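Below, in structure tokens: the form predicted alone, a single chain.
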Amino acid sequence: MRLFVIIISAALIQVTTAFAHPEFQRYSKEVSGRSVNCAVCHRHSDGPEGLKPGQIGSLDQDELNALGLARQALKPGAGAQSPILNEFGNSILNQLGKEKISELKQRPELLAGSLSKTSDLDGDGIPDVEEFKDGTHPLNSLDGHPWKLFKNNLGKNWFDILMIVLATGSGLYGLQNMLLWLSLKAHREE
């Protein structure tokens, strides 16, 4: 059965296009100046074609059926879940639909303007669309533009930071006064 799936998968790879869109990857790389791989949208960093996990050649029959349904998701909101796309890639597919994505291939700079400005799949406080433009991974909360991560973390943790600063300041003040007291006591005993 596994051999049959591999043969069918290989045939599908040859007969159909994998629907990878390197135009978006190139745009993100150009705008951000960062190294951006296929894993921003795909399950595998080498993209959809191949035999590795998350690539077309590794899919079982149920996953091939899901891939077929995802390829038919021409309009937004179809709820398709492609087994070769990660959560961000599927989010793009469901927000825009295949027709709009294919249309945007000619002008990849317009993709960011077409996506939700509020979606933040990794919860790092940076919207996915900004992470796409920054060349960072929208599913990794530790991968983000350093300044934006700093500002978001500062905003989330300001109270804790304030308490640490106050505790440190109080501790240093107390230590200074204790050392002064010990110094005065030592001078009195002389």
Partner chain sequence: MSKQKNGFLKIIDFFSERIPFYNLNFEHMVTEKEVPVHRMSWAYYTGGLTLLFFLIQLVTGVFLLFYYQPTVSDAHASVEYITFFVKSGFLIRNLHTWSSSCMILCLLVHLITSFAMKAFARPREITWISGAMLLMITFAFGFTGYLLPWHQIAVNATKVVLQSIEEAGHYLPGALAALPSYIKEIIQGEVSVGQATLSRFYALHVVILPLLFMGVIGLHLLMVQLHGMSKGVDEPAKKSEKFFPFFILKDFWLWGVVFLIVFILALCLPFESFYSYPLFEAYDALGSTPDGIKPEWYFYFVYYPLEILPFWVVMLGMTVAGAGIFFVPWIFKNTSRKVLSIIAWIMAAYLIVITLFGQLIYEMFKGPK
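Positions refer to the first chain, counted from 1. This is a predicted model, so every value here is computed, not measured. Take the two forms, superpose them, and find the largest set of C-alpha atoms that agree within 1.5 Å; that set is the rigid core.
Although it is not shown, the form predicted together with the partner chain is what the next lines describe.
**Q** Since exactly one of Ala39, Leu67, Val129, Leu59 fits, which has a heavy atom within 4.5 Å of the partner chain in the model of the complex?
**A** Contact with the partner chain in the model of the complex is made by Ala39 alone.
**Q** Contact between Pro22 and the partner chain in the model of the complex at 4.5 Å, heavy atoms?
**A** Heavy-atom contact with the partner chain at 4.5 Å: absent for Pro22.
**Q** Closest heavy atom of Asp143 to the partner chain in the model of the complex, within 4.5 Å or not?
**A** It does: once the partner chain is placed as it appears in the model of the complex, Asp143 has a heavy atom within 4.5 Å of it.
**Q** Can you tell me whether Glu63 touches the partner chain? I mean in the model of the complex, with a 4.5 angstroms heavy atom cut-off.
**A** Close contact is absent here: in the model of the complex, Glu63 is far from the partner chain, nothing within 4.5 Å, heavy atoms only.
**Q** My question is simply whether Gly54 lines the interface with the partner chain in the model of the complex - judged by any non-hydrogen atom within 4.5 Å.
**A** Close contact is absent here: in the model of the complex, Gly54 is far from the partner chain, nothing within 4.5 Å, heavy atoms only.
**Q** Are there residues in 162-181 with a heavy atom within 4.5 Å of the partner chain in the model of the complex, and which are they, in order?
**A** The stretch 162-181, when checked against the partner chain in the model of the complex, contributes Ile164, Val165, Thr168, Gly169, Leu172, Tyr173, Leu175, Gln176, Leu179, Leu180 at the 4.5 Å heavy-atom cut-off.
**Q** Superposing on the rigid core, do we see a C-alpha displacement of 2 Å or more at Asn157 between the shown form and the other one?
**A** Comparing forms between the shown form and the other one, the Asn157 CA shifts at least 2 Å.
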